[in-house]
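In structure tokens, the next block holds one chain alone, the form predicted alone.
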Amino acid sequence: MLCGLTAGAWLGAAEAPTKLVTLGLSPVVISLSMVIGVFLARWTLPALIQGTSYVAADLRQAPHLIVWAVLAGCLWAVANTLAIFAVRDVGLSIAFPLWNSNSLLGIFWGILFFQELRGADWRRWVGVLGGAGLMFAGATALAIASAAQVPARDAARGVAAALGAGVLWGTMYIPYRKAYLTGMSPLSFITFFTVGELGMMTALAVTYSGGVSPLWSQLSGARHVLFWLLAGGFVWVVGDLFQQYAVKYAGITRGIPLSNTNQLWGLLWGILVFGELRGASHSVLAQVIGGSVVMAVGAGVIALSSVSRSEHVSWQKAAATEGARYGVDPEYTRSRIAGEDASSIVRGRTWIDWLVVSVATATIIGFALVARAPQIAFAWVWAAVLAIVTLGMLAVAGVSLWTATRFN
């Protein structure tokens, strides 16, 4: 529960830098810059928390998951790019809940492939499916509201981009669940996840920009704001880590709706910090706020439909099937599903870990030294309030997760 809710806060904050698209920056430049920040974070955090030797040992137990991690990263890169197009066309507060329709697809995949909700009583089925219905209703209200705010062509394009991002992010949870049923630590999985992210995003950026030289020219022209985009990618990774722990211990059907409370954080950042919907009619405001609240209520209903003991038995059967399919040590799978260290894996940090951390830190400092505050409407007081609350949630969830699982 804590991991899912904390993920929502950090994932919501991470999308704030996408507002730079309103300054005329190319969506693919923004997405590529964020992915570079994501790449730095996805190697730095595992090196700090567990060490690369721990990650390497984890991957030796289930090497097939490298392929699934790279595939998931490719899906994320395309989805994130579509999300930025959506922000450009319909705004952050409207686009956010639309792409969070990914939870509906995630619920479907969890039931279809991983035996989630198997053995659950009717109240849990009603809670999960009823919550999904509420989330769909909220998304529909927001789609209607978007048409009243922007030209019809832009609205249709923005809604399509946001929903497309939701489909890709919803499908991305299949590799997530395969990894965690097998027993892999989220910190190990994301290390190769980012290889797919960076590779796919680079290919998209080069193709969309018309070649390497035009892309380099755009990046050079945006060098004064690249730090903010890298920082957004770093923040996103923190949120994604908590989302992955939520998926590992609560399943797709619960973990993803919980993390999709980021729609409320997106709404807060969009309206309070960036002044979105200022001057909008009362009816539009009612639709946007009402739609977001309905979606949040749907997520809450799903979250309260806790996993039963009989469902855990079904998960264990699904995990045994995954392990047998790929020849994974059953003892490794059993211990890691329970959040325990496998006997063959030892924690420790080497010079490689400190080199990774040093290079990432130096890169971020280098971009920070040339950064300038972007010329965009920004309410610093509200931004500070949201940041403090977000950091507080990180502290509480981080301590709780470490106490329970040592970040396994």
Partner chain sequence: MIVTTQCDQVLRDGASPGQYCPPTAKVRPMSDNRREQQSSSWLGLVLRDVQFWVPVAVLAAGLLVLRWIS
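Note that this is a predicted model, so its numbers are computed, not measured. Residue numbers count along the first chain shown, from 1.
Keep in mind the form predicted together with the partner chain is missing from the figure; the text below concerns it.
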Discussion item. Suppose contact means a heavy atom within 4.5 Å; in the model of the complex, does that hold for all of 74, 109 and 157 with the partner chain?
Written reply: yes
Practice prompt. Please pick, from 48, 67, 379, 56, the one residue with any non-hydrogen atom lying within 4.5 angstroms of the partner chain in the model of the complex.
Written response: 67
Response to the item:
The one residue among 167, 129, 286, 320 placing a heavy atom within 4.5 Å of the partner chain in the model of the complex is 167
Practice prompt. Considering only heavy atoms, tell me if residue 63 and the partner chain come within 4.5 Å of each other in the model of the complex.
Written response: yes
Worksheet entry | Touches the partner chain in the model of the complex: residue 85 (any heavy atom, 4.5 Å) | yes
Fill in: 4.5 Å heavy atom contact, residue 325 to the partner chain in the model of the complex
yes
Item to complete: Although the partner chain is absent from this view, report whether residue 253 comes within 4.5 Å of it in the model of the complex, heavy atoms only.
Response: no
Item to complete: Counting only non-hydrogen atoms, choose the one of 184 to 192, 289 to 297, 226 to 234, 204 to 212 that falls within 4.5 Å of the partner chain in the model of the complex.
Response: 204 to 212
Worksheet, complete the sentence: Near the partner chain in the model of the complex, with a heavy atom at 4.5 Å or closer, the residues from 112 to 141 are 113, 114
